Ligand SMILES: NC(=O)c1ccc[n+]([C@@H]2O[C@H](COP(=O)([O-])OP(=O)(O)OC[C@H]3O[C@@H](n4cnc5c(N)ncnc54)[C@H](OP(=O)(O)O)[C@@H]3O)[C@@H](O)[C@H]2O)c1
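First, one chain by itself: the form predicted alone, in structure tokens.
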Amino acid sequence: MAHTLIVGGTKGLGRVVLRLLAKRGDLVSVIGRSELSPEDKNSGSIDGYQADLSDLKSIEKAVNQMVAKNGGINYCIFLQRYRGKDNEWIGELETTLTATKSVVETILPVFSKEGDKALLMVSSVFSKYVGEGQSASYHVAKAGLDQLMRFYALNLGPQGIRSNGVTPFTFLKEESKKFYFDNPQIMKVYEDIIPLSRMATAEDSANAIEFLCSPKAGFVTGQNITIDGGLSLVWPESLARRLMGV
């Protein structure tokens, strides 16, 4: 039975991932500022540990508790996101990069001695592209996360620890479904521009994460899978012409 640690997994994609992995039989430990939902807390295979990701001692305490209960770690999935309103630049870099590094260094001694082992980092299309709605710090932090993933793939490979990433495009999740369903014109835009002719769902990314955190991906490391239905393959000029009908 695998023991999976999820960093920042109480909402959105994280909640879908933790439930998917618990369903397949993993023992799932979740570190985050927020508590688990009552449903997840009472599931029997999901444990929540509240910790301040900017505080190394807080991280170490949570890791020690989860290892004492569930044993060595097989997989660690990073889904945390900065939600503060203070110094956004420092906050994004500390939450996305420094916290990831701190967690990895803390769990290295407690990785399971047997079975498949891997890190998984959830990135963003803004690690490669520049888009509206996100700050400079978000773009830079996600780009750094992609490189950190590759760094660990090379340097932790000799220890049998794989490292990969998943980059979701805009997707439907419980918190946003009502907005999109109430605005069919926006849904139509996504259907028109995405080669697979539909919006992504949280489950699309969760399924890729599950694969990468399993023995089925045992020889896959240093890779980032983009979950966008093929949109990134479309030349921007062609896309603009199609939308303008010219």
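Each residue number is its position in the shown sequence, starting from 1. Computed from a prediction, not measured in an experiment: that's the story for all the values here.
Beyond the structure shown, there is the form predicted in complex with the ligand, which is absent from this document and is the topic of what follows.
- Among S37, N207, S54, Q65, the residue placing a heavy atom within 4.5 Å of the ligand in the predicted bound form is S54.
- Only one of the listed residues (R33, K61, K69, K177) places a non-hydrogen atom within 4.5 angstroms of the ligand in the predicted bound form, and that residue is R33.
- Remark: of stretches 214 to 222, 181 to 189, 25 to 33, 40 to 48, the one touching the ligand in the predicted bound form is 25 to 33 (heavy atom within 4.5 Å).
- The ligand in the predicted bound form comes within 4.5 Å of a heavy atom belonging to L79.
- In the predicted bound form, at least one heavy atom of G12 sits within 4.5 Å of the ligand.
- The ligand is not shown here, and in the predicted bound form it never comes within 4.5 Å of any heavy atom of A118.
- Though the partner is left out of this view, S123 does reach within 4.5 Å of the ligand in the predicted bound form, counting heavy atoms only.
- Using a 4.5 Å cut-off on any heavy atom, the residues of 159 to 182 that reach the ligand in the predicted bound form are, in sequence order, P168, F169, T170, F171, K173.
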